[in-house]
Structures are given as structure tokens and as C-alpha cells.
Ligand code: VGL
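Read the single chain below, which is given as C-alpha cells and is the form predicted alone.
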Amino acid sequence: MKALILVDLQNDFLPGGALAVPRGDEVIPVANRVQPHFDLVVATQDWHPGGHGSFAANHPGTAPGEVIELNGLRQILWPVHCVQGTRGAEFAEALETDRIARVFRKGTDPGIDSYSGFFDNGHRKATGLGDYLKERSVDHVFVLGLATDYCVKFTALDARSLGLETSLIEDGCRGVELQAGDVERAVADVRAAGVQVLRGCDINSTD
């Protein structure tokens, strides 16, 4: 069975949000358009406590974009975003959510960041998404969302590491681009891992 994974389509990642991805709102129509082609749709949601270690505000003297070590891992510092229970953490208002069977929240542990929808950045804990898909005999996942060079990339790579056939819906993604070329490199990385890169218009049926 094939499943669609919607990655972090939340207000804080849209224009005007706390960690706005340039043109991030352009992925919402793609997400809405492709959902009917899948029998199973799931979503990931950044769901940080206010004291999360990835927030620059929690490290006096630092600024977003700087890199520190957090519990033994390299950590990019971000603006405060997607705090539990805030409007910024809610799904985009234009996103059609009726077909979403389950939401997997990530980034809930203040001591470690979690880009992937499957695991935290140290692969120390799983979100449950992998087991959920396995229980439903999913063997092929399609991934889209925000942002290409972080949460989408690592969700796709982890899907491949779990043995799932994986496709990236490229026009359903936008990137942060902290460094010029980050999105291009992210797409190259997932291709190298065996991920198929396609466009939403290529999806006509899940048969």
C-alpha cells in the first residue's frame, strides 16, 4: 500500500510565521490536490516545549543560525517556533485535514531536536510512524512539505533506511536555504539514497 506523509505544514513555517520558509504557502495547494490519490494520509507536526534546546532564545548570547552542541549532537539554533498549543504550531488553515488518519508529533523532548517524522536527530527515540505504516502494510511512501532541506529530507532518508520505497513530491516542498544551494543538495542526497523525485502532476493513482 502507498501512503502520503505531509511534513510540518504549520503556520510558523508559512510566510509571516516565526520560522517562515520562503514561498512555503505554495505547497498547500499541492498537498490538497494529491491527497485524494492515497488511501492513507498521515502528517507530522513540530510540537516543541517552550524551553526547547534548539531555540536560540534559550541560549543567551546566541542568535538563530548559529551552531552549538546539544547533548552530543550538532545543533543549529532556530527562532522560537511551533510551541505546543500555540497558533504557530497549528496546521495551515488552507490545508485540508479531513483525510489525515493520524498526526505524529515530534520535537517534544527539550534536549534533542527532531527533523525526521520517524526519529529524533540522534535516532534515540522513534515517533511511532514507522510501526504505524508497517502495521498497515505500507511499502511505498510519498513525502511533501516543509522544509526540503531539513524535515522533508530527513523524513525521506529515514523512510528509505526502514526499507520503504520512497518518493519525494518536489513541487510540494520548499526549503529554508540557510546556505545557498541547500535545497539542491538535499534533493541530491535523497536521490543518492534511492528516493524517486517527482511532481504532484505525476500522481494519478495509487493502484
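Just so it is clear, the model here is predicted, and its values are computed rather than measured. Counting begins at 1, following the sequence as shown.
Omitted from view is the form predicted together with the named molecule, to which the following refers.
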Contact assignment for the named molecule in the predicted complex, among Ala43, Cys173, Cys151, Val34, heavy atom within 4.5 Å = Cys151
note = Only one of 135 to 143, 43 to 51, 165 to 173, 64 to 72 sits within 4.5 Å of the named molecule in the predicted complex by heavy atom distance, namely 43 to 51
ask   = Hey, in the predicted complex, is Phe118 touching the named molecule, heavy atoms inside 4.5 Å?
value = no
task = Evaluate Ala20 for contact with the named molecule in the predicted complex, applying a 4.5 angstroms cut-off between non-hydrogen atoms, and reply yes or no.
result = no
request  = Answer for Phe91 alone: is it within 4.5 Å of the named molecule in the predicted complex, judged on heavy atom distances?
outcome  = no
inquiry  = Can you tell me whether Trp78 touches the named molecule? I mean in the predicted complex, with a 4.5 angstroms heavy atom cut-off.
reply    = yes
inquiry  = At 4.5 Å, heavy atom to heavy atom, what parts of 1 to 26 sit next to the named molecule in the predicted complex? List them in sequence order, or say none.
reply    = Asp8, Phe13, Leu19
